[in-house]
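The chain below stands alone, shown as structure tokens; this is the form predicted alone.
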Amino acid sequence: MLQITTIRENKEDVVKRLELKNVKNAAALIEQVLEIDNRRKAIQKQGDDTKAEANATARQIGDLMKSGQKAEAEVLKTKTTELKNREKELDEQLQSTEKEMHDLLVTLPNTPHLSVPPGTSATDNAVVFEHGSIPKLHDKALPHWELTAKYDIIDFELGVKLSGAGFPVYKGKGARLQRALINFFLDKATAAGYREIQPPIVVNEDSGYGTGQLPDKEGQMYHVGVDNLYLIPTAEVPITNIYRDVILKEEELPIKNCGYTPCFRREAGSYGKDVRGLNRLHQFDKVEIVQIAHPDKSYEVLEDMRNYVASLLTELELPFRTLKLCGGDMSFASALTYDMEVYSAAQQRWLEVSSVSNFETFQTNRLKCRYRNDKGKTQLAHSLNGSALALPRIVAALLENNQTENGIRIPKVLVPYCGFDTIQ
């Protein structure tokens, strides 16, 4: 959530950045925010003045009673009652105005970093890095959804029987490949200084609100209505919320956590050829990296996280590219996002496998996640997260790019984790 002080002190800049994210009527919305804040300040001042007058009158009554001037004291008691009633009325107005302010602020997305390219869709994203060569497949090469059936390693139809579309069943070497990737990603994250967390996979409303999924993405989350809990769309949600309402020490920053979880997304409105097989699922596995960083160093941290994800893709021998997302393709909460895409040789297209984002203070303002600096003052920290990595499209690319006429080759780095080097 944007900070009102930032809006007031940098109004034109905030409008410019919101327009970069294609927010309609950004200038009018910011003026509305400031108008509500002016009303809030005026009500707050009236309330403070009324309270001060009531306290002064109460002391005056005490002095009159001590001096035996009871009649005069009784007159002032009537005034005190009126002031108390006015104070209560102003307090109710203040609460109503603060709620009005909050309800408007939560509809505003984060302001993007000025390096974010303008644009309205994924076609406007900027390619900033490419690595590896596109593999050339044999004439009888298959897309992964046919490979998985051929080798009986992932069963999409069985998943439909058990749960519905988008819930595949991993079998035999397919299940072992999943487990191998999870363990590989966790081991690499631990070696890079991340502490492993195993969080709950359901969260409450406060947690969904804290990281910006609520109210923005409520329709994309699975809701357990009886208990009013949400299945997590990413481990980012519970891991980042560990630091909700926490004041950290400056020397603790950056804090680096990672975690494996299944993830759940309704993916409402998704259809067509791009959702076949593993391309878009309702349940999938992912290892997430999360950092809480000092504001002065968060963009250095973002580059480190981006390079770390790139190193994983390099070790998996996958051709990939890095995109800097344009304003129109960024998430609600992000200030700057890099997407990593691997090339799917059988589908002949790029598949997103990771997003690495800096949220600056957007999440930490909601979370009230702060640190105390060397002068004893508390400040909002910055939060960052990245997929490292999401498994479905990684598996799709591994199967497609490494297929031969005699089977599917497993990248060398995964062989110790899988216990086999070929799927036949």
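The numbering used is simple: start at 1 and walk along the sequence shown. The structure presented is a predicted model; accordingly, all values stated were derived computationally and were not measured.
The following text describes the form predicted together with the RNA, which does not appear among the structures shown.
This chain is displayed alone, yet in the predicted bound form one of Leu229, Ile247, Ile242, Leu158 has a heavy atom within 4.5 Å of the RNA; that residue is Ile247.
The RNA is not drawn, but in the predicted bound form it has no heavy atom within 4.5 Å of Arg179. When the RNA is considered in the predicted bound form, Asn55 lines it closely, a heavy atom lying within 4.5 Å. Contact annotation: Lys45 falls within 4.5 Å of the RNA in the predicted bound form, judged by heavy atom distances.
Taking the partner from elsewhere, Met65 is found to have a heavy atom lying within 4.5 Å of the RNA in the predicted bound form. Judged by heavy atoms within 4.5 Å of the RNA in the predicted bound form, the contact stretch among the candidates 393-401, 368-376, 27-35, 351-359 is 368-376. Judged against the RNA in the predicted bound form with a 4.5 angstroms heavy atom cut-off, the residues Arg266, Gln283 and Ile410 are out of contact without exception. In the predicted bound form, the residues of 26-41 lying within 4.5 Å of the RNA by at least one heavy atom are, in order, Arg40, Lys41.
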